[in-house]
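First comes one chain, alone, set out as structure tokens in the form predicted alone.
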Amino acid sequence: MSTTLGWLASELGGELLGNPEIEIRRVVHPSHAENEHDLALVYSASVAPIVKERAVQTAMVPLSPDVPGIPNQIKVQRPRVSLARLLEIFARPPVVPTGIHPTAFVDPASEIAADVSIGPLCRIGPGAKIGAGTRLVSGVQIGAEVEIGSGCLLFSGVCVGDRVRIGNRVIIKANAAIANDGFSFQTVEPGSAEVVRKTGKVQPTESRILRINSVGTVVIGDDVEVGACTCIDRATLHETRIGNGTKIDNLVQIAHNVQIGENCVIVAMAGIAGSATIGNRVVIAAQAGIPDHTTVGDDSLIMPQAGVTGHLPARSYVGGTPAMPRKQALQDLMQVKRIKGLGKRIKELEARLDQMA
């Protein structure tokens, strides 16, 4: 069945203007539109010059303001919300044929649903369970007694350690590592870091460092996305947990025992140290750091490169290092930028005083 403009308008809950019978073959940026079969994404009137130059014939546009000159339109309330459904319709998923590739190793003691796709060089450990419709692209390593729900997608090189539980519709991007041991060590005698915290003085020590094994696991809820090369460490004793709907970007470090709530967004290169607790709907921007045993309340927003140093109540909005309320962080930044001008002004005043002396 062809995808017509009228059908798309119905699927997106949008208002249709123009010919509902046009077949839509591609979704494109306005600068790449070639004919009426290309649905251009027009988010605002600011792209009007491009629309005019390319003579765009068909587009998805916001309800307001009007974008003139496009004869066929789907007008939607929130274009990026509609974009999510639109690109679901026009998705180009990775090619993973249904069934088990001849080079994959699947332990006889595992349980694999009938329509699971397991690509080349994957390994499935004993006692693992993989639900219906789940796809493993290639080189995916699944440990013993791992449980993976239905409709999941694990890209190449993903490594999932033993006893991990993963919910339904989870996406894990290339080379992510789930359930390595946590970074947990202890010196036999008080080490230099322990001494300096107590006394404020750095003293060299020769104490041997003991490894504390992680015997817990990782639990990932439904509809979670984990970015490429992200690491989620297993708990020391119980569970490191990622709540339903949480989205984690590439290159994020989530340490042992961390508890992350539902519908959080954690952006690239953020780091969350051991035993931290993150509430629901929290946004942690790029390169922000959360220390160990810290609690971040629900609906908080942590700005890029923020260095959190203590507990944050619900609905906090912080930035800077050490992290402080956003308004104060921006004021401090402006003061730093004024220093150069103040230094110049002081030199001018000094010169004038020297002349008066």
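In case it trips you up, residue 1 is the first one in the sequence shown, and so on. Just so it is clear, the structure is predicted and the values come from calculations on it, not from any experiment. In this text, rigid core is short for the largest set of C-alphas that superpose within 1.5 Å between two forms.
One more form of this protein, predicted in complex with a further copy of the same chain, exists but is not displayed; see below.
S.K.: May I ask you to state whether V252 is within 4.5 Å of a further copy of the same chain in the predicted complex, using heavy atom distances?
M.R.: V252: yes, in contact with a further copy of the same chain in the predicted complex.
S.K.: Is T58 close enough to touch a further copy of the same chain in the predicted complex, meaning at least one heavy atom pair within 4.5 Å?
M.R.: No - in the predicted complex, heavy atoms of T58 and a further copy of the same chain never come within 4.5 Å of each other.
S.K.: Might D115 be said to contact a further copy of the same chain in the predicted complex, defining contact as any heavy atom within 4.5 Å?
M.R.: Contact with a further copy of the same chain, no.
S.K.: Does a further copy of the same chain come within 4.5 Å of any heavy atom of G343 in the predicted complex?
M.R.: So G343 counts as contacting a further copy of the same chain.
S.K.: Looking at G182, G261, G149, G221, which is the one with a non-hydrogen atom within 4.5 Å of a further copy of the same chain in the predicted complex?
M.R.: Spelling it out, the residue with a heavy atom inside the cut-off is G182.
S.K.: Could you work out which of A176, V164, A128, A276 is the residue within 4.5 angstroms of a further copy of the same chain in the predicted complex, going by heavy atoms?
M.R.: Of the candidates A176, V164, A128, A276, A176 is the one lying within 4.5 Å of a further copy of the same chain in the predicted complex.
S.K.: Check each residue of 311 to 347 against a further copy of the same chain in the predicted complex and list those with a heavy atom within 4.5 Å, in sequence order.
M.R.: Residues within 4.5 Å: R315, S316, Y317, T321, P322, M324, Q328, D332, L333, Q335, V336, K337, R338, I339, K340, L342, G343, R345, I346, K347.
S.K.: Establish whether a shift of 2 Å or more occurs at the C-alpha of E23 between this form and the one not shown, with the two forms superposed on the rigid core.
M.R.: No, E23 moves less than 2 Å.
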